[in-house]
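A single chain comes next, written as structure tokens; it is the form predicted alone.
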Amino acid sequence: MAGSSVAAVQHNFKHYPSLSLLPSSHSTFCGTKFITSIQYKRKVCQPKGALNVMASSSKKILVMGGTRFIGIFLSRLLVEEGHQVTLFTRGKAPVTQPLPGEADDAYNAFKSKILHLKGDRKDYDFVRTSLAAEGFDVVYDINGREAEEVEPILDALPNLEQYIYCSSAGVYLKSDLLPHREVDAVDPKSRHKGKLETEALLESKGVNYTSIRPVYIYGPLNYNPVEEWFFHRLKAGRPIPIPNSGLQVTQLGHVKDLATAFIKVLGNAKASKQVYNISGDRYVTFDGLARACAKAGGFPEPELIHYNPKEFDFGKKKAFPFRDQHFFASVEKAKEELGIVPEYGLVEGLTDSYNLDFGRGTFRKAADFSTDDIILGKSLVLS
């Protein structure tokens, strides 16, 4: 890629030498407590929760996606762990971007080690040809939605060591018994049915795969209006409209904890052909989430307005960013089998998100209070 320090994999499929391990034994995301560790021949003192990677375990890794949110944090960790990382993207967005508050030298060091393969993953012939020519040990599929998008990757890489897939807890069938566990029934009519079909494909092909099912993900650079939806209203000093009682229970997981989980399953024999729910280990009500966001951003206690969604017609607009039901999953399997324990509590994680993103004046979507005004207008009439 001319004029860029991001190394590009050209269409002549030039092979690049493996990246060497980074000289530093520890690294952090902009001063947060997100810590990784690289272990050399001699043992070093490891911080609590550190991830160890032997020099001999450096892999040639392909990340499908990787330019947004989860992929940004995951690719950082993979490079820091000493792996050669190639991002497969359409090239419509910058291949890399600095983390909020990241020093220029740290960002440039990361950027110089990222390789880029430009293409459309739905161009199956190109996927087969380009991936077969490059050869990869491991694939992280962050943006795969349909099984047919995955099959060409498997065809191109018959000696693939591991396929690590980002699925969704949205695949579970709605149930009166909660939390959702990995063995629970799934919904073949779910809007995430493509992810279910992908898991089934990986199983049927005998691939060494690991599937991660996050619940709601939050954190800096989130492109979904999760915490941002609340922060907009808190900053504007507006009441927060919440459907029904506000006691619906849900669950959020921090993006950095999710990235850590993706690293923990890499090369882990216990994770072979397994599915794991990944999220925070505490649950929260909608009302509690609103108050947690206020605390994270240093705002006063918010005014909460409850409404019955059936009494309103919002057209195609979404009045609330969460599904109006209890929705949460057990993360005990990941804890017990892989030792994955979330580092971020809810308020702490929301504070991290606010300080590194919204509190800096950055957000993905501008505030839209049109549905709020409909709800509040009717509430005023009723009162």
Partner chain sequence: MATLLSSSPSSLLFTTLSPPSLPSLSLSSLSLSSTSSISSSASSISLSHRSLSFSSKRPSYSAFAVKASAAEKKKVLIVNTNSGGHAVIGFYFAKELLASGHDVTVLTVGDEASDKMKKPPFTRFSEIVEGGGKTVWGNVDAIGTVLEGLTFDVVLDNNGKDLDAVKPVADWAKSSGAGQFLFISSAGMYKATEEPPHVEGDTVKADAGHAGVEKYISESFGNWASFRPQYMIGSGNNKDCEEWFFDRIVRGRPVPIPGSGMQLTNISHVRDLSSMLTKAVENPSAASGNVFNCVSDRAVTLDGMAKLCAKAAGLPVEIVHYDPKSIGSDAKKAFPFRNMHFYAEPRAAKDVLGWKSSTNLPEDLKERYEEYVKIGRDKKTMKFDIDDKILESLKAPVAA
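Here the structure is a predicted model, which is why all the values come from computation and not from measurement. Residue numbers count along the first chain shown, from 1.
Keep in mind the form predicted together with its partner chain is missing from the figure; the text below concerns it.
Among heavy atoms of D287, some come within 4.5 Å of its partner chain in the model of the complex. Heavy atoms of R90 never reach within 4.5 Å of its partner chain in the model of the complex, leaving it off the interface.
Proximity of Q248 to its partner chain in the model of the complex: non-hydrogen atoms within 4.5 Å are present. Its partner chain is not drawn, but in the model of the complex it has no heavy atom within 4.5 Å of I305. Proximity to its partner chain in the model of the complex, taken as heavy atoms within 4.5 Å, picks out 180-188 from the listed stretches 101-109, 126-134, 180-188, 159-167. Residue Y283 is the only one of Y276, W229, Y283, F73 with a heavy atom lying within 4.5 Å of its partner chain in the model of the complex. Interface residue among F320, Y354, F328, F69 relative to its partner chain in the model of the complex, by the heavy atom within 4.5 Å criterion: F328. Across the proposed site, E332, K335 and L346 without exception bring a heavy atom within 4.5 Å of its partner chain in the model of the complex.
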